[in-house]
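Quick setup: one chain, the form predicted alone, written in structure tokens, and binding and motion questions come after.
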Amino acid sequence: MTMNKNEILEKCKYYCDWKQDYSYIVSIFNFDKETIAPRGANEESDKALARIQQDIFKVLKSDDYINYVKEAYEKRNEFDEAHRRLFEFQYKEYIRNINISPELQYENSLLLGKSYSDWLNAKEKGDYNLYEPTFRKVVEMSRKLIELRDNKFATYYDMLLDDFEPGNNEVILDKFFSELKEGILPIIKKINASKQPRKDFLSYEVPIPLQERMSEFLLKFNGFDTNCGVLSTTEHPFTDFPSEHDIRVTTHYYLDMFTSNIYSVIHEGGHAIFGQNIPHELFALGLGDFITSAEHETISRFYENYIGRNKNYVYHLYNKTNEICGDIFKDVSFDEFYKGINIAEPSLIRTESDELTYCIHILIRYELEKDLINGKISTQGLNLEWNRKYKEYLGVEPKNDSEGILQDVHWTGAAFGYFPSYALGNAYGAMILNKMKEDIDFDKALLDGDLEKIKNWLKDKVFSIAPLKDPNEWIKAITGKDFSTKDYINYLHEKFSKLYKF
């Protein structure tokens, strides 16, 4: 059936509304499972969720939807930029799934649900071998789904990178991570030879109710709209986007690691602020779902580091911490607080790692998942290879698998190709920071506590175009420059040479 432009737009609205409604249900299911659902119900909830996802998938495989997608894609140049972008995404999704049956999709959904539960159990016991049999199936399923695709790339991993970060591949990322190593490792070496600042107060015990008050302050201070969002707790912090007016942030509280929650909330709050400030017309089309991982991590890492660890922001953080915590930090000066928060030293846990060594954690994951998906290494003994790389790159070695290979949740959901997004986001963020400083007084805005000025600049220059651009196009549209690691390496060198006086 041939459709005219108006008929295509009618179908587009119907399917966009339909998908957002069902996506909302799926998001709530997932959020519930990872926050408050009883463990004993995992199998039942996994089955129910897999059934819903199968029903969604069946519609995406229907003749009516496929005919619409094909016609919309063929006539995409007759439409505005937003609809063109949507039709390209929908067609790409159709091509990716063309050889996958609803039965196989259901099997995969069940597997990923079980994967999360088994990972959680293994992490609590600190034993990767408890999770390995399930993880092996996740990797096998990922490779099977790749093999079913008609559109082939140079490697299996390249195909997954194209899902997460269109325009990037192994060749590009190998060069990117090589430049990061060359730029970061010498700085780490100089710091290792320097005197470390005071850090004992970083493990002072802060009662959870006080940390909860700090979380609420930080979200509001940074610009999160609490009328359209909520904060909860989970094992591995994440942000979910059920709908335009329902953005959900999670954190994890540790009694003796109060900064863990602080920077988790700032990071996840960055994701949430991004989601809350996408233009309505783009969100209504579902284009918010197609912002790439690197684009999202750019903003979460921007808030976490370029804002959250800036001395002028830490000034407010220090004062509020003392206001909420009373005498707990009475022996800590502002200078000690600032330097302690920005301490740089090799560590085991990615989410707790410092701004400088963070990308080395990502490098390790990149190298492992690339070889894993390409079939060069197996899941068996992967924990030992993980430990070896940590020893080689950072000089530290996990005592158990909970602080080693089981620390991250991403692989449980077959999110192979996601991890590079964090490192790319760091580098994109440095370019955005330099561009922002040309237009506004960034440091003064932080000192004044005027986070609204920064958010409005991001909303206008960054958030508004993210759903319409692939990552490298996006960063060039913002900064006028091709992507480079130069700004990021320069930023790290300037910051840490001042902190450590080398």
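Because the structure is predicted, anything quoted here is derived from the model rather than measured. Residues carry their position along the shown sequence, with the first being 1.
The following text describes the form predicted in complex with another copy of the chain, which does not appear among the structures shown.
Checked against another copy of the chain in the predicted complex, the candidates F463, F57, F29, Y65 yield a single residue with a heavy atom inside 4.5 Å, and that residue is F29.
The listed set N434, N472, S45, N456 contains one residue whose heavy atoms approach another copy of the chain in the predicted complex to within 4.5 Å, identified as S45. Among residues of the shown chain, N319 is not one whose heavy atoms approach another copy of the chain to within 4.5 Å in the predicted complex. Although the partner is absent from this view, G229 contacts another copy of the chain in the predicted complex, with a non-hydrogen atom inside 4.5 angstroms. In the predicted complex, R39 approaches another copy of the chain with a heavy atom inside 4.5 Å.
Mapping the unseen interface onto this chain, E244 counts among the residues with a heavy atom inside 4.5 Å of another copy of the chain in the predicted complex. The chain is drawn here without another copy of the chain; in the predicted complex, the stretch among 69-77, 337-345, 229-237, 356-364 whose residues come within 4.5 Å of it by any heavy atom is 229-237. Heavy atoms closer than or equal to 4.5 Å to another copy of the chain in the predicted complex belong, across 15-34, to the residues D17, W18, D21, Y22, Y24, I25, I28, F29, F31, D32, ordered by sequence position.
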